[in-house]
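Only one chain comes next, encoded as structure tokens, the form predicted alone.
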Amino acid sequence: MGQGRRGRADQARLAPPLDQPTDTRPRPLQFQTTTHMNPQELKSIMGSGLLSFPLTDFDAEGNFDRKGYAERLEWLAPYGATALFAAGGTGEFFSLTADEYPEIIQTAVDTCRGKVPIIAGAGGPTRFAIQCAQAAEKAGAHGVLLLPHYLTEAGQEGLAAHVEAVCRSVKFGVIVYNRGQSKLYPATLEKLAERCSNLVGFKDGIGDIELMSSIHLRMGDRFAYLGGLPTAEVYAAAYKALGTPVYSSAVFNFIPRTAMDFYRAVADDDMATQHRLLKSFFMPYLEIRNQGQGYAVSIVKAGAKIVGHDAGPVRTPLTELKKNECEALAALIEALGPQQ
């Protein structure tokens, strides 16, 4: 999968890394991870700010690259994200083994301790999701994002049993992710909220405005809400109008300054800045992303490589961007200017 790739040092020579942020950049709140965060603290974190999902670094053979991953987190941590999701969708959770997962979460927690909270991804079959959640709690993560279960379709009763089993297996906070075959409805979420006090967050990756509105109106402030559609910036203003001003940014992985600028524009209702960045970067970016299935992750890894923070190859079944697509992406990034 990685044959013929240059090493990390070669990539750094091809594209100089972006400058580190200045001391005037807004800093995330300081949290200590010597004890587990209680669910309400996790809910508070989700209440404001920009969240992001760091890429997971792999070497040329596709194996987890611990050193590269730690360096990535050290680069991203000071830019101002409220929390980072380790081993999430952009972090290729779907490709990770049971042996790799604990090391990835532990690396994230150790690297970001006292700098930015780490929320771990977990998902797949119920028992595997429980193993992941418990490993994340043991590592000192601040909570878990429950990604969709694997493949099979299920009704509301089965989905609720799955979510409840994961919630009951840990003490820290759980955020449920509505996406794909895991689509929870308001009545189901209400019952889960009654049964699971540590279920404190809801992330939407479906984009059904009617459903999202009905969930928000029914659940109120029982949950913290997070917009999670791919390239969430495109939908940020609409979701804010629905009462969900917080979202997760994938492009933070390679244009962190621009990602923070866009978030501040959303927070300040600065439509001029939003429209300028949507027109000049995000809409052309979507045109590239939409050229291939699975490109929502592949294009982020390509962007990181372009700016000198190569995370290695994507794992199958994902595929890399083609040369002309990478060139088009590089032009968009260059037009944004330095990320400092």
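Because the structure is a prediction, the values reported are computed rather than measured. Counting begins at 1, following the sequence as shown.
Absent from the display: the form predicted together with a further copy of the same chain. The rest refers to it.
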property: Candidate site 114, 267 and 328: all three near a further copy of the same chain in the predicted complex by heavy atom within 4.5 Å; result: no
property: Partner-facing stretch of 251-259, 71-79, 195-203, 214-222, counted where any non-hydrogen atom is within 4.5 angstroms of a further copy of the same chain in the predicted complex; result: 214-222
property: In the predicted complex, residue 63 touching a further copy of the same chain (heavy atom, 4.5 Å); result: yes
property: Residue 318: touches a further copy of the same chain in the predicted complex, heavy atom cutoff 4.5 angstroms; result: yes
property: Residue 245, heavy atom within 4.5 angstroms of a further copy of the same chain in the predicted complex; result: no
property: 4.5 angstroms heavy atom contact with a further copy of the same chain in the predicted complex for residue 123; result: yes
property: Residues in 97-117 with any heavy atom within 4.5 Å of a further copy of the same chain in the predicted complex; result: 97, 99, 100
